[in-house]
Ligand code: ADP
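Heads up, the chain below is alone and in the form predicted on its own; it's given as structure tokens.
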Amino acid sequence: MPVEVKNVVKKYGNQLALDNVSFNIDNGEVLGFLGPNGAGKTTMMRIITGIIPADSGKVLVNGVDVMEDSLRVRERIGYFPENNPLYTDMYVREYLRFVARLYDSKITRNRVGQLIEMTGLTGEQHKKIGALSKGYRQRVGLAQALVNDPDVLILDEPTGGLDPNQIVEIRSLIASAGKEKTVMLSTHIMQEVEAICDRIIIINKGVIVADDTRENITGLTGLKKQSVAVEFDSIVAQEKLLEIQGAERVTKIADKHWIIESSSDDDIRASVFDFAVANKIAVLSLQKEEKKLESIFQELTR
């Protein structure tokens, strides 16, 4: 098991940042670690990487206790911190060689060259980091996190402040790295999690409130399994719509436009059509709405 977190507690003065947190991350898994600001995400990542100690509990990386042998753990972890600190007066290639020597003097120039190519920095490698755009600086940060070929990759807001095109590019790099490594990703961009994460943990006020696969996590909330937006050609009473088989909640959007929600495994659209035929009503539009991770996140953390 690459990462094992057992009953971790962390306090800052009287503030409880992490309250008895436990979870594991499996080999080759991409874990989305979500939570509102101040929920404890960055604190948990810093404890895993050995930057700060836990007050109690235990963290193991590849079976090694972080508190007992943090240097050995750091050898096998790649870390991209939220503020992406870089030496802006250094050239890109020079900086990556510097980071490589901090890990191991035997890391070759070929490895640095591979990372530059992998992260799309070939055209920028002889520029000073301070002269790079935000997107290219993020690429440098990701390259330094990968320079030691880590088993575990910890990424804290790697796409923060990027434009949509840059986000897609960095997301692609992360997805590629996730094919070979165990990845823990913290982000506020829900589409990012939906696109590349196998599993999701949501933490709120230092407590894990959800931990499941991307597909199953919707079942942990009070949200209905499915909802459809329907527009009829005439006005229909709300109580009449509740007669539709499987309908559990109906919400009026406009006089003839409704949202119908159901927990049934059967597609409720067929029942809506049957209802319309039986009542001689025409359906002008009918669209199934997919539940977004954003809605689930809001329900679990508000």
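Note that residue numbering follows the sequence shown and begins at 1. This one's a predicted model, so the numbers in the text were calculated from it and none came from an experiment.
Beyond the structure shown, there is the form predicted in complex with the named molecule, which is absent from this document and is the topic of what follows.
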| query | finding |
| --- | --- |
| 4.5 angstroms heavy atom contact with the named molecule in the predicted bound form for Q238 | no |
| Contact label in the predicted bound form: V21 to the named molecule, heavy atom within 4.5 Å | no |
| Distance check, I268 to the named molecule in the predicted bound form, heavy atom within 4.5 Å | no |
| Partner contact for I47 in the predicted bound form: the named molecule, 4.5 angstroms, heavy atom | no |
| Contact test, all of T119, G135 and S172, partner the named molecule in the predicted bound form, heavy atom 4.5 Å | no |
| Heavy atom contact within 4.5 Å of the named molecule in the predicted bound form, the stretch among 53-61, 37-45, 66-74, 244-252 | 37-45 |
| In the predicted bound form, residues of 2-29 near the named molecule [heavy atom within 4.5 Å] | Y12, Q15, A17 |
